[in-house]
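Take a look at this one chain, the form predicted on its own, written out in structure tokens.
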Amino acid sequence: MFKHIGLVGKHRVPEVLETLDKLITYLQAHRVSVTVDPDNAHLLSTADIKSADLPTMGRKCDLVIIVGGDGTFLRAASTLVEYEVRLLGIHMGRVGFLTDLTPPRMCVQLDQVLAGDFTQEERFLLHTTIMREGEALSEVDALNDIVAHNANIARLIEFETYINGQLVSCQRSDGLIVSTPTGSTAYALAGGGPILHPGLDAIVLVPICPNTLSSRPIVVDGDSEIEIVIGPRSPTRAQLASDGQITLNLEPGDRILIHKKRKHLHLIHPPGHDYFATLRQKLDWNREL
């Protein structure tokens, strides 16, 4: 079913390189054309392997397999979403909510996937525009979360939050996490937010260490337009992070506009994928009482 497959791996990790070599041998035996990301291609033992950057993979491949943890998956997904190519993850990180396959079983599971036996789902991203003095300063996408936070330890920032033009709150805190259902098991969960099933069309807003006990996470419709305004007298410097990567230093008066991205991420899972089983395993819910 898949004739052109791209491979993307966490950079310069011996175990990842070993897994990529095994994948190439397996896929070539199944007469699949293989392309590897440039950072790993020249380190592999496989000779004469083609390499290509992510945009090229997105245009030419039927499927891209990402080898690593959720961080590797997030970085690749932010580019590949533009091409609507299907993605599959091999878990070689710590928690790994986005990566289904494991190296010991990947060949058996890939037998099923290549035969067309898999499930597919879509995940939405958040698109964010940072406005300063009426002009768009920067735009970013996030599969997990957009976070406005202070850049100084033990200092609070002041900001206002609006949803669909209506004021929600004026707040002093360490910041605010705006998360997709995909990201609800990441920073948002650590901040006390709820777990959202990935099939939900919803966004969760989670305050970070708010200076009031009544400030709590709130879940809103996925089509909501969210705006965060950094207070004009905010006493500390703020930053914006997209999927854990610092994107921009924020200034008083900056406006952060967040809404659902039009293009969705296309994930595939091997047969038997069970979201709740993943939660039980990753969050240690299997322990007997």
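Here the structure is a predicted model, which is why all the values come from computation and not from measurement. Throughout, we count residues from 1 along the sequence that is shown.
We do not show the form predicted together with another copy of the chain, though everything after this point is about it.
Although the partner is absent here, Tyr187 lies within 4.5 Å of another copy of the chain in the predicted bound form, judged by heavy atoms.
Arg105 falls outside the set of residues with a heavy atom inside 4.5 Å of another copy of the chain in the predicted bound form. Contact check for Glu133: every heavy atom lies farther than 4.5 Å from another copy of the chain in the predicted bound form. Contact check for Gln239: a heavy atom falls within 4.5 Å of another copy of the chain in the predicted bound form. Although another copy of the chain is omitted here, in the predicted bound form all of His197, Ile208 and Thr212 have a heavy atom within 4.5 Å of it. The stretch that touches another copy of the chain in the predicted bound form, counting heavy atoms within 4.5 Å, is 200-208, out of 124-132, 79-87, 111-119, 200-208. Proximity to another copy of the chain in the predicted bound form, defined as a heavy atom within 4.5 Å, singles out one entry of His266, Lys22, His11, His273, which is His273. Residues from 156-176 that approach another copy of the chain in the predicted bound form with a non-hydrogen atom closer than or equal to 4.5 Å are Ile163, Gln166, Leu167, Val168, Ser169, Cys170, Gln171, Arg172, Asp174, in the order they occur in the chain. Legend note: Cα of Val95 to Cα of Pro217 is at least 3 Å farther in the predicted bound form than in the depicted form.
Panel note: the distance between the CA atoms of Leu248 and Val95 is larger in the predicted bound form than in this form, the difference being 3 Å or more.
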